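In the block that follows, a single chain appears as structure tokens, in the form predicted on its own.
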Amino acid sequence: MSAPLLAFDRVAIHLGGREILSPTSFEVGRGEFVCIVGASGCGKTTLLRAASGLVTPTGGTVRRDGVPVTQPSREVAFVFQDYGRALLPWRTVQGNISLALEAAGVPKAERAARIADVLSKVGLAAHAHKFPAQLSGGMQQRVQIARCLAQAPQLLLMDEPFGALDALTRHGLQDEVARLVQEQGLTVLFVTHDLEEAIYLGDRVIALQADPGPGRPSLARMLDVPLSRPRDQLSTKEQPAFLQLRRELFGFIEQGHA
């Protein structure tokens, strides 16, 4: 693995008197795409929030570039599942993307070119002046992704970003995100309930378990994904290595350990 950009060192998180994440350690290398799976309530989203600085660990340390994460940073972008609430309905597509540039203090004269660039990357150049209500769900999620890319982040955190979309739209966006991540050299931590999605997108897959018990970490499995890139929705998913990984992850979840 390349030099780590993100490191979890025995990170534990308690919320409302309940242990959401028991002491967990792992690293994410620069340019790596790491997917996190596990049943509801095992701490996947909380782990992302700790990585972003939105949640402070009860124990242990999260480090980015070797520095403890204590607050949100513009070098970290967060793509939420609920794209409808993530976008401002009274702003156009380009207006929503401009939010990231405004927050970063980018001069107004430079914003138009940067907005046009990211809209081109996500295939929305012709929709710059539309409002979110005029777009499909997949297009709205593209806007959110474009806004994150406009930040030029080191780290992209994605919380089930395609969970509410139909299968065809989801597959298209999976391929689009995989392409953009490769082109931009981004590091990604991606939460999903979809085991096939995790294997298809990830360089590694981390499986969390809920209520692991005293002294046991939430991280229960860490699997490398030995599949070449670029990947294909049909041929990749027919490879023996893909099927073996799916079988292993499915068996783990089915046993009720996650």
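Sequential numbering from 1, following the sequence displayed. Here the structure is a predicted model, which is why all the values come from computation and not from measurement.
The form predicted together with a small molecule is left out here; the points below concern that form.
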| message | Taking the small molecule as it sits in the predicted bound form, is Ile20 near enough to touch it, meaning that at least one heavy atom pair lies within 4.5 angstroms? | response | yes
| query | Would Pro240 count as a contact of the small molecule in the predicted bound form, using a 4.5 angstroms cut-off between non-hydrogen atoms? | reply | no
| request: Find out whether any non-hydrogen atom of Thr46 is located within 4.5 angstroms of the small molecule in the predicted bound form, and reply yes or no. | output: yes
| said: Whether Cys42 contacts the small molecule in the predicted bound form should be assessed with a 4.5 Å heavy atom distance threshold; does it? | reply: yes
| query | Counting only heavy atoms and a 4.5 Å cutoff, which of 223-231, 66-74, 33-41, 196-204 contacts the small molecule in the predicted bound form? | reply | 33-41
